[in-house]
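One chain comes next, on its own, written as structure tokens: the form predicted alone.
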Amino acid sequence: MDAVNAGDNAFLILSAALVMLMTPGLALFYGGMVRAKNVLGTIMQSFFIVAVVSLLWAIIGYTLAFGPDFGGLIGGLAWLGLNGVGQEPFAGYAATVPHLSFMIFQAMFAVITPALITGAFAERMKFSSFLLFTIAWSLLVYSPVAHWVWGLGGWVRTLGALDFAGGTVVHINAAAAALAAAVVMGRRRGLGTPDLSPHNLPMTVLGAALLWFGWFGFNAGSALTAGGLAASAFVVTHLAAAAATVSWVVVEWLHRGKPTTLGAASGGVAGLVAITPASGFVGPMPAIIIGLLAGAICYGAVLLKWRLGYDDSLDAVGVHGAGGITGALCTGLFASVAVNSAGANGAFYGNPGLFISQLIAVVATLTYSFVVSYVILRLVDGTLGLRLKPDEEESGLDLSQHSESAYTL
């Protein structure tokens, strides 16, 4: 049996804590962009997801995602209730850390993914409906896709597609569900009026900073060991985020005439999203290129929602969808075994087949997540009803759903 390496274990546990911080960071990022009457309701969604999805993960989600393979599509129930998941290493996934450490690290990915979706239906979904949707989505969408991509025997993994830290599993998966939610929920009342302006942009910037900080655990931690690959993933994560921040701001400046703080924060997140699948497979210069592309592409994708007519309230589709797709496909171009011998060379290093595998993984994830999410949303709408009543939407989530007010003046 492999022995636990204390340094690797300490690194992974710290990385798990950093990823956990990302969901409260997301709560602030989203919370600042909504109106004052919806800030607590928006923060509550992300905060409560930490609790609910963590319990789901321990009971059944983890075994569905990483348990012994069943047909390449889902994990078996061998680890139901964390049965057999203990302090010993599990060589199939992480040979130098306890199985429990790997499990709790992956739990934080399962937590933040449905939280990303909430940005698409911000300010208009009932809390009870949000809760039912989150539970169903975590089990029926997140766990299967995680098994496809990361689970031993998963069909996407067997195909050879690469996703170091969640470009497909987290970002593209969440974005497809976010688009389904925006379509099913319809537009917010008063969309396009100044009344819908963000109420607290300093809160949003603080949230973006916490996301950037936590993302080092997200990407570097996915190396699972405290070695050179973790250092490489850390460096490229930072450089891509920096490049995308600059790219978004420059494009926005040219397009709108002025750079905005919200644009800088959004650009940083876009770069972090795009580098996620590639972070363990590319070097610093490709990472900068990926970041520059992501900033410009995601800015354009955010503008596209106005032309297409769907109300993705806080740009979950534009940032996480466009950024995740950009990163996944760029992995197929820039990946190099010189960075990670366990990966593969991309098209620019003589292996165009990897780009095809990445494209298949992207299309499959988008299709599955959108269709199943759409069905779940329709079923929830037919039972509990998804949307707030007009008077509840007018008074806001904070009062109508929680009988609270964020600010007492």
Partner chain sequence: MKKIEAIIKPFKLEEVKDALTKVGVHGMTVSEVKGFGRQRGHKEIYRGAEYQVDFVPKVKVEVVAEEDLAGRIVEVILTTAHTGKFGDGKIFVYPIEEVIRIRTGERGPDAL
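This one's a predicted model, so the numbers in the text were calculated from it and none came from an experiment. Residue numbers count along the first chain shown, from 1.
This protein has a second form, the form predicted together with its partner chain, left out of what is shown; the following refers to that one.
> Identify which of L159, A136, L201, L77 has a heavy atom within 4.5 Å of its partner chain in the predicted complex; exactly one of them does.
Contact residue from the list: L201.
> Which residue among A110, V302, L333, A296 has a heavy atom within 4.5 angstroms of its partner chain in the predicted complex?
After the contact test, the surviving option is V302.
> Thinking of its partner chain in the predicted complex, which stretch from 314-322, 138-146, 179-187, 161-169 has heavy atoms inside 4.5 Å of it?
Contact criterion met by 314-322 only.
> Does its partner chain get within 4.5 angstroms of any non-hydrogen atom of A94 in the predicted complex?
A94: no, not in contact with its partner chain in the predicted complex.
> I'd like to know whether M33 contacts its partner chain in the predicted complex, with contact meaning heavy atoms within 4.5 angstroms.
It does: once its partner chain is placed as it appears in the predicted complex, M33 has a heavy atom within 4.5 Å of it.
> Does the 4.5 Å heavy atom contact test between L224 and its partner chain in the predicted complex come out positive?
So L224 does not count as contacting its partner chain.
> Look up in the predicted complex whether R256 has a non-hydrogen atom within 4.5 angstroms of its partner chain, and give yes or no.
Heavy-atom contact with its partner chain at 4.5 Å: present for R256.
> Heavy atoms within 4.5 Å of its partner chain in the predicted complex is the criterion; list the residues of 247-281 that meet it.
The stretch touches the partner through W248, E252, H255, R256, K258, T260, L262, S266.
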